[in-house]
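Take a look at this single chain, the form predicted alone, given in C-alpha cells.
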Amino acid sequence: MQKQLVTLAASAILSLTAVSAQAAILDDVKAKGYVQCGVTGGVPGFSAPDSNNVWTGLEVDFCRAMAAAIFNDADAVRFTSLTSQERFTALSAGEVDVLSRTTTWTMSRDTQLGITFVGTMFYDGQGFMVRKEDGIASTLDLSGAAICIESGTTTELNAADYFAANNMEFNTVVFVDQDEVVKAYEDGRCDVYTTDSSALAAERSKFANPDDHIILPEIISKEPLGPVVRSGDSQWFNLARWTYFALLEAEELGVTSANVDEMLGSDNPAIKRLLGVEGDFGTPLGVTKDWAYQIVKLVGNYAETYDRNVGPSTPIGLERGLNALWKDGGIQYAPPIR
C-alpha cells in the first residue's frame, strides 16, 4: 500500500511538472512583457527593417499578431535577425520564443530538431532568377551554370536533386548569409540566383533595374513556409497555431481591422465565437476571450497582412495563388473555432 501511495505521489508530481513545463514559455513571455521573434536579416515583404529599424512583413505580422493576442498590444514584440544556419539553434536555446523566418516545413526538421511547425503562412516553391540579357528561357538551359545559393537551406538540396534528375551539371557558389548571396549575383560572381520564388521577387524589387532580371517559369519544389516553436510546450504551440488560424478565419468571415468593432454586433455565431462575444476560447490558450478580436483589430486578417506586404499592389507583386482561401481557389484553410 505504501509503495502504491509513493507511486501515485510520484505520478502526481510528474503530472504537475509536465503542466508547469507546458506553460513555461507563455509565462516567461508575459513576465518579460514581449514576444522575442526570430526573423531574417531582411527580406522585403516577409521580414525587413526600415531606416528607423521598424520591422515589417508578412512574417513580422504573425509575431505582432501573437503579441496582440497576449498583450492587446501588437508592438509588444522584439526581433532577432538570424541567418539560416543560426535559426534553429537560437530557437532551441530559447534565444527566441518563435521563429518566423521564411522557413520550409520538412519532415526531418519537424522530427529531429526538437521544433514544431505551426502552419503554412505562405505556400511557395523554389525558382531561379537570371539576367535578361543572357537569353535564358528555362531552367533546362542552365547546365554548367554557376549558381548562387545560401548554405544551410533546402535550396541547396533541391537544386542538387533537380540538376541530377535532369542529367545537368552545375557549379554552386555558396554563402552563409542571404545578403552575401544577393550581392554576389549582382556583382556577376554567378549566372543564376536560386531560392524561394517569393524571395526572388522580394530581392529583385530592391535592384537598381529590376526589369533587367527575370524569374524563370519552372518551380522545382514545394516550400511551405511557416512559423516554428520549440517542441514540448503544447500551450505555446496551440497559441501560435490558433493565431495563424484566427487570421484565416477572420478573412473567411469578412472580419477586418476596419469593421471588427461593427462585427461585434453580428448575428453570425461563427463571428461571435471568433471575436469572443460568445464562448471563451481564449482561456485554454492562456489569454483573454477577446484574443482574436485583438489580433484583427491591431494587425488585420490574413488578406490584409498579405496585401500590404507582398500582394499585387506592392513592389513584390505576388498574386494570392495557392495562398488564397480554399473557397477562392487556394489551399489556405482554418479549422472552425467552436
Ligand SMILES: N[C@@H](CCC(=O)N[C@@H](CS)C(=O)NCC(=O)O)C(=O)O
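Small disclaimer: the values here were computed from a predicted structure and weren't measured. One rule holds for the numbers: they count along the sequence shown, beginning at 1.
Omitted here: the form predicted in complex with the named molecule. The next part is about that form.
- Of the heavy atoms in Thr40, some are within 4.5 Å of the named molecule in the predicted complex.
- Though the partner is left out of this view, Ala246 does not reach within 4.5 Å of the named molecule in the predicted complex, counting heavy atoms only.
- Taking the partner from the other structure, the named molecule in the predicted complex has no heavy atom within 4.5 Å of any heavy atom of Pro210.
- In the predicted complex, Arg87 approaches the named molecule with a heavy atom inside 4.5 Å.
- Proximity to the named molecule in the predicted complex, defined as a heavy atom within 4.5 Å, singles out one entry of Gln235, Gln178, Thr120, Thr116, which is Gln178.
- Of the listed positions (Ala74, Leu225, Val260, Ile147), a single one reaches within 4.5 angstroms of the named molecule by any non-hydrogen atom in the predicted complex, namely Leu225.
- Note that among 90-98, 138-146, 160-168, 77-85, the stretch whose heavy atoms approach the named molecule to within 4.5 Å in the predicted complex is 77-85.
- In the predicted complex, the residues of 101-121 lying within 4.5 Å of the named molecule by at least one heavy atom are, in order, Arg101, Thr102, Thr103, Thr104, Arg109.
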